[in-house]
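Take a look at this one chain, the form predicted on its own, written out in structure tokens.
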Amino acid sequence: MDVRNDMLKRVKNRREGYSLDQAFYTDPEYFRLDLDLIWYRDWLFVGHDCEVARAGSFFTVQVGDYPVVILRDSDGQIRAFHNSCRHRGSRVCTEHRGSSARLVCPYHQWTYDLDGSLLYARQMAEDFDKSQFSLKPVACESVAGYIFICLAEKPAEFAPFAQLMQPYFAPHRLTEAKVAFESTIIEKGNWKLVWENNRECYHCAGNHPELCKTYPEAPTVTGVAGGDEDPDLTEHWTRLEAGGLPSRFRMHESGQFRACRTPLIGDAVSYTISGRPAVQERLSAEVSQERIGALLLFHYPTTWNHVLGDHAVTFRVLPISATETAVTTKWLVNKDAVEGVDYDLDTLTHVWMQTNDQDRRIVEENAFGIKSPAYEPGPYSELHEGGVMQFVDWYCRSVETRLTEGGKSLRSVA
């Protein structure tokens, strides 16, 4: 049985409400299928508009085998290209980020304009046609300060996500913010373990003393059931929406993305040890209400987010191998906020730097245990791990659909 049939069989035969078979978390061939079926097909969050604020600003990402460069062109448009020279394939942009009026391949100096067109290729044949060798574009969309790319030749619709997310996030004006700090950690665990850990707060009380000073572990707040039965949550939504801030729980029918504004504990207004603001300058002048809590967003498979009154914390997940995942965290503040004057960097980042490292250890211990020959899938908590079950269901539904698309039924393995 080949790996596609093996994965399909395990998805079809999995026990609902239980963790997945070991191969989903450890097998390199399953990881290659995850890349093909998920990462090379879905829209992926890569960064923020404010990271390419000026023409020529760029940053790079690596998604599986694909190096990609994201930039702002001379007309102000944000574009993405495969970061592979059309000469002999060398990476054109070798830095993590930078700024340049042109993109010049360091190997033989083939030179590209910011729209990807080839401007210069030294001493080629007389009949060489530069117009046939532009950088290959990658589908790229920007909404409310978030940049997404899609590596598929025929990307899925982006509009449903933009329509849900934009009204919640636009008031926070992240397009005009700045990244005060960025951190990337490598977690020695499969990307699905990173997500499973993120999608529940069952573990929070025992592992996140800093975060639990302000962030509630109540499953009505952190779960995916909607929260309408929680009077504190509905009062929070009613108060904020009366002031013009979209807040109620909304999840797309596909289960791939959700937005919701949740209260913090007590009088806390920010993710600091004291609960007081980490930044004196508000993130957006449009959002002046007090105690807005945290605007939460997830979009599988790359991002979860917390937007507060004084700053935003955004997360990007990128798979490296079957057993390694890169998690990048960015702290965004008002573009006019000055470090040392309006905020102290350690105060701003302390809670999530600690929480991220604690989550890293949790994921790595989870991965260690799953490698054991004695591992077998275990039951999730219906009360606390509804979000994990929702993520696993989304993943299994996605891979099953894509493994059987085009009428290629594999019923023989079911």
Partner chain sequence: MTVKPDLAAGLALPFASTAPWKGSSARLEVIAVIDETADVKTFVFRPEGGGWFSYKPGQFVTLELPVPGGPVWRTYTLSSTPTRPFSASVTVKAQAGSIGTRWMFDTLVPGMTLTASGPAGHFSHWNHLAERYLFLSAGSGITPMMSMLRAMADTAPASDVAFLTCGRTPGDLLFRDELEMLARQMPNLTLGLMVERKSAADRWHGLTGRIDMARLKFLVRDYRQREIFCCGPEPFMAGVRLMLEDAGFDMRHYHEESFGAPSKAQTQPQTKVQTQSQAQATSAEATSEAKTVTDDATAGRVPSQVQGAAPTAAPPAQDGTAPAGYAGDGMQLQFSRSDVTTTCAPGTTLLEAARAAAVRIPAACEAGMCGTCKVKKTAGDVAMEHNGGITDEEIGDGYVLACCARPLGPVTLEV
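Residue numbers count along the first chain shown, from 1. The structure displayed is predicted, hence computed values, not measured ones.
Not pictured, yet referred to below: the form predicted in complex with the partner chain.
Heavy atoms within 4.5 Å of the partner chain in the predicted bound form: does Thr220 have any? Flag for Thr220 set to no.
My question is simply whether Gln280 lines the interface with the partner chain in the predicted bound form - judged by any non-hydrogen atom within 4.5 Å. No, Gln280 is distant from the partner.
Can any non-hydrogen atom of Ser270 be found within 4.5 angstroms of the partner chain in the predicted bound form? Result no; Ser270 lies far from the partner chain in the predicted bound form.
Tyr120: heavy atom within 4.5 Å of the partner chain in the predicted bound form? Tyr120: yes, in contact with the partner chain in the predicted bound form.
If you check Ser74, Ser288, Gln166, Ser90 against the partner chain in the predicted bound form, which one has a heavy atom within 4.5 Å? Selected option: Ser74.
Please tell me which of Ser100, Ser274, Ser321, Thr184 lies within 4.5 Å of the partner chain in the predicted bound form, judged by heavy atoms. Checked against the cut-off, the match is Ser100.
Based on heavy atom distances of at most 4.5 Å to the partner chain in the predicted bound form, which listed stretch, 109-117, 201-209, 290-298, 325-333, is the contact stretch? This holds for exactly one stretch, 109-117.
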